[in-house]
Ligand code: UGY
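Here's a solo chain for you in structure tokens, the form predicted alone.
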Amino acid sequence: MEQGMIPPGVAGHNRSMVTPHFAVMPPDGILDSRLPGWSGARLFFQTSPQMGARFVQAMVAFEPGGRGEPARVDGISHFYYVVEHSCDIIIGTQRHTLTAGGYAYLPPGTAHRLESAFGARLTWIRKKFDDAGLGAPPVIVSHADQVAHRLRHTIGRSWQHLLPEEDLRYDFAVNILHFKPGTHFAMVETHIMEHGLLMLTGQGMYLLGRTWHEVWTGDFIWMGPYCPQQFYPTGWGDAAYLLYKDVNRDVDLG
């Protein structure tokens, strides 16, 4: 079919859904943005305070030779996870190469920039930092291959904690959850933490509120606080997703 020709029945049919409590965002319908300080880069904002989230998550797509330097905003922490290809992150005078599965956590005030010689796709998470009187945690640059798998609740389901779970200075967590075919959550979870979820591999069915949604590799889900949720993989292979959640802080009573 020629470019620009849309087959009958396509318009208006998609898996996207945005509600006050959750959102399902397949990548196809998210329009790109361009920002000052970023060249050879397109940014696809998946969730933000405009949606109801208390953090920002975006997919960054670098062209070969692309680079980015986030605007300096006081009190904001950053997390990057490389989904595809490789990217250099320059922190002060130190250059680190992040291949697919590589990640970096940067506490507020950490000067940094990104460069990708051959193009890359990476997740970018930002959040206002709440130090709770503990001070800022250190920079982390690592790779998922260096993080142990921990079995949780059901056979065939494991977690990787990309940030130290026991260190209360971190006010959010980023984990990778892995599912073998046939496993599932041990319960329908309903909790105070909100989530940003990126499907890394595989496919599955996700319960959000009272409705089930089919999710595939590349899909994004935002889950607000207390949104009932459950997941089980479908298909023949393993499934895995990257999961943000806010942790380690008391309720804000305003």
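This structure is a prediction, so every number in the text was calculated from the model and none was measured. Sequential numbering from 1, following the sequence displayed.
What follows is about the form predicted together with the ligand, which we do not show.
For the spot marked by Tyr103, Glu115 and Arg121, is every residue within 4.5 Å of the ligand in the predicted bound form through some heavy atom? Checked in the predicted bound form: no contact with the ligand for any of the three.
Counting only non-hydrogen atoms and a 4.5 angstroms cut-off, does Glu69 reach the ligand in the predicted bound form? No, no contact at 4.5 Å.
Find out whether any non-hydrogen atom of Leu243 is located within 4.5 angstroms of the ligand in the predicted bound form, and reply yes or no. Contact check for Leu243: yes, within 4.5 Å of the ligand in the predicted bound form.
Contact flag, Phe185 vs the ligand in the predicted bound form, heavy atom cut 4.5 Å: Answer yes; at least one heavy atom of Phe185 falls within 4.5 Å of the ligand in the predicted bound form.
Could you confirm whether Trp222 comes within 4.5 Å of the ligand in the predicted bound form, counting heavy atoms only? Result no; Trp222 lies far from the ligand in the predicted bound form.
Only one of Leu177, Val141, Val174, Ile76 has a non-hydrogen atom within 4.5 angstroms of the ligand in the predicted bound form; which is it? Here the answer is residue option Leu177.
Within 4.5 angstroms, counting heavy atoms, which one of the listed stretches 124 to 132, 177 to 185, 88 to 96, 142 to 150 is next to the ligand in the predicted bound form? Answer to the contact question: 177 to 185.
Interface residues of 186 to 214 toward the ligand, as seen in the predicted bound form [heavy atoms, 4.5 Å]: Residues within 4.5 Å: Glu189, His191, His195, Tyr206.
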